[in-house]
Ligand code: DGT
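Listed next as C-alpha cells is one chain, alone, in the form predicted on its own.
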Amino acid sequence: MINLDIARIFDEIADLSEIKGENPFRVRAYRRAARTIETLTLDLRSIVERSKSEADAVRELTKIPGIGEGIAKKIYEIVKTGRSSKLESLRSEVNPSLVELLKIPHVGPKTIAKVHKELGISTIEELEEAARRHKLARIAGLGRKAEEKILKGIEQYRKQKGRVPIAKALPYAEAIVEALKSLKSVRKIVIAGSLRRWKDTIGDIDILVVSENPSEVMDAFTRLDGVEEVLAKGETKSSVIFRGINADLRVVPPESFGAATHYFTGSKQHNIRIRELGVKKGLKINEYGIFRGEERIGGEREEDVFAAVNLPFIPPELREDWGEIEAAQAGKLPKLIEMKDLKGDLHVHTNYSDGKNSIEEMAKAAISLGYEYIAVADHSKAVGIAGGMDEEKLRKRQKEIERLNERFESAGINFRVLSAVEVDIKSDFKLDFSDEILRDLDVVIAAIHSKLSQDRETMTRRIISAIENPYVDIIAHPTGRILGKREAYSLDIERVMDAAHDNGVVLELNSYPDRLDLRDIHCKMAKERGVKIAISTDAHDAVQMREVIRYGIATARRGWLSPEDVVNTRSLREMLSMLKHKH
C-alpha cells in the first residue's frame, strides 16, 4: 500500500459519499485528504508501521496538514489491513458504475440520485438511451433542455475521457495563442490552467484574452484550423474540441486580467488558500478582481493578488498547495531553476545504439544550445532491441569521442563530449558491464529496462544494488513510468532516495515528456533529502535535445528545484567532481 493507493481510496469514498448525498463538508474533507496524500513526500505506511499503537499512529498522522483524527484512523486501517471498511460499506450501497456518471459535464450527484432512483439508471449507456427517448424529461427538475445538455456532456466526456501528456497539449495551446495574437483587437493573451502550471498530463486547454472586440476573437477562435467541433460559443466564453482536446477561451476586461489569470491558472486548492487569506483581511478575491466590500481595489495584474495578502509572487509551477503559501509567508520560496542555468546534458544517445545522429551531430547541437558538455550514454548490450553496445563497440566509440574532443580543443571550442553508458541493471542485480569497463568511463548511468513486474522489495533492492556499485554515478528514469502507458515500478522510493544520498549517487529527472521521471513530487522529496538531480533529455536525436528539455526544467520547477540542487548547472570540472566514482 503506497500513498497513491491510499489517495485513490479516499477519492472513491468522496465520490460514493457525494452520490449518496452525505454531508458535503465531509465529502470535501475526503477529497482534500486525497490531494494531500498523493503529494506527500512522507510514506504513510512507514509512519503506521513504526508506531507502537493505533493511538501513536493517529497522533503522528494528524501532524500532517489536512489530516484530521477521523481520516488518520482510516489511514491506519487501510495500511494495516489493505482495506477500508468505510469504502466497502459505500460500495455495498452505491453501484460503482454510478461514479463514472459524475465525470460527465452537466451531470451532478443530485441528478444521478434522481435518475437512478426513478429509472434505475446506473451506466452512461443507460443514461444516454433514456435521454434520447426523452425519459429524463418526465423527472421533476430535469426536462428537454437538461436532456440535451446531458447528451452533449456524454459526447464531450467520451472525446475527453483521457488526459493527454503535456507535450501533446502545449504545442496546440501555443498554436492557438499565436493565431489569436495576430488579431489587432487582442491586447493581452495567456495560457492558463494546468498547462501554465506545467502539469505532466492535461485535461483541457484554458486561454484568457483581453480584447475590445470579443466577438471578433470568438469568431476567430471557433474557426481556427484544427477545431473539430464547437461545443459552445458566447460573447465572452467559447469552448471547442481542438485536435481532440477540449479548449476554452475567455475574454476578460483589462481591470480583471491579473485576477482572472491567477484564478484560472489554479490549482483549485491553492486558490482556496489565497481566498481564505483574503477573507482574514476583509477582502474578497475572485476571477473578477480584489474587492473590499463593493470597491474594487486591484486585479489588473496577477501580482496584485499576492500583494493583497502580503505574499511575494508565487510562480505558477508551485501553486499546488504543497507548502508554497507557508514558504512565501516565511520568505523561503526557492529560487527556481531556469533553462539558462544548464551547462550540459548528461544523457543522450547516438547511432552507436538507438540514436539517430552521430556523436559529432549531437555535440554540435549541444554547442548551439550554449552547453559546455554532453554525456553520450548509449545503451549496453542487454537492451538488444536498442542495438546496445558490447565491449568492442564501446572501445570503438571511445576512440571517436577522443578524436572529436581533440578537434574541439584545437579549434579553441570550450566543449567536451563525455564518454558514458546507460548500463542495464539486470533482474539478477548485476550490471551489464564489468566494473573494469565502467571505471574507465567519464559517467556511468544505470537503468532498468527488463523484468519490470518484479515485486516491490526486489525492484527496490535491484536499484539500490546499482546505487551501491562504486562506479555508478546516476540512476536514469528511476521509477520507470511511461505516461498513459505504464505505471511506475512497485518501488520504495524513500529507500532509493536514502541510498542515493548515502552513496553520493545522482538521480535523473528524465525530460522526455512521456517519462518526466523523476516526477515533480519526487524531485521535491529528493531536494528535502539532499539528493542531487541531473536534468537530462534522454534524447535520441538532435531535435529532441533542443525540444524536450523545457519539460524537464518545468518539472524541476514544480519540484521546487533550485540551480544548486542540479548537478548539470555546474561547470564541467565542478560537475565531474560531484560524481561518485570521480571523487
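In case it trips you up, residue 1 is the first one in the sequence shown, and so on. Predicted model only: the values in this text are computed from it and were never measured.
Missing here is the form predicted in complex with the named molecule; even so, the following discussion is about that form.
Trainee: Hey, in the predicted bound form, does residue 381 get a heavy atom within 4.5 angstroms of the named molecule?
Mentor: Outside the cut-off, so no.
Trainee: Taking the named molecule as it sits in the predicted bound form, is residue 432 near enough to touch it, meaning that at least one heavy atom pair lies within 4.5 angstroms?
Mentor: No, residue 432 is distant from the partner.
Trainee: Using a 4.5 angstroms cut-off on non-hydrogen atoms, would residue 177 count as touching the named molecule in the predicted bound form?
Mentor: Answer no; every heavy atom of residue 177 is more than 4.5 Å from the named molecule in the predicted bound form.
Trainee: Please check if residue 202 has a heavy atom lying within 4.5 Å of any heavy atom of the named molecule in the predicted bound form.
Mentor: Looking in the predicted bound form, residue contacts with the named molecule include residue 202, since a heavy atom lies within 4.5 Å.
Trainee: Select from the listed residues 263, 471, 198, 322 the one whose heavy atoms reach within 4.5 Å of the named molecule in the predicted bound form.
Mentor: Checked against the cut-off, the match is 263.
Trainee: Check each of 267, 427, 405, 185 and return the one that places a heavy atom within 4.5 angstroms of the named molecule in the predicted bound form.
Mentor: By the 4.5 Å criterion, the partner-contacting residue is 267.
Trainee: For the three residues 17, 74 and 95, which mark the spot I'm curious about, does each lie within 4.5 Å of the named molecule in the predicted bound form through at least one heavy atom?
Mentor: Not a single residue of the candidate spot has a heavy atom within 4.5 Å of the named molecule in the predicted bound form.
Trainee: Pick from 337-345, 413-421, 373-381, 190-198: which stretch has a heavy atom within 4.5 Å of the named molecule in the predicted bound form?
Mentor: Of the stretches listed, the one contacting the partner is 190-198.
Trainee: Which residues within 269-306 place at least one heavy atom within 4.5 Å of the named molecule in the predicted bound form?
Mentor: Heavy-atom contacts within 4.5 Å come from 271, 272, 275.
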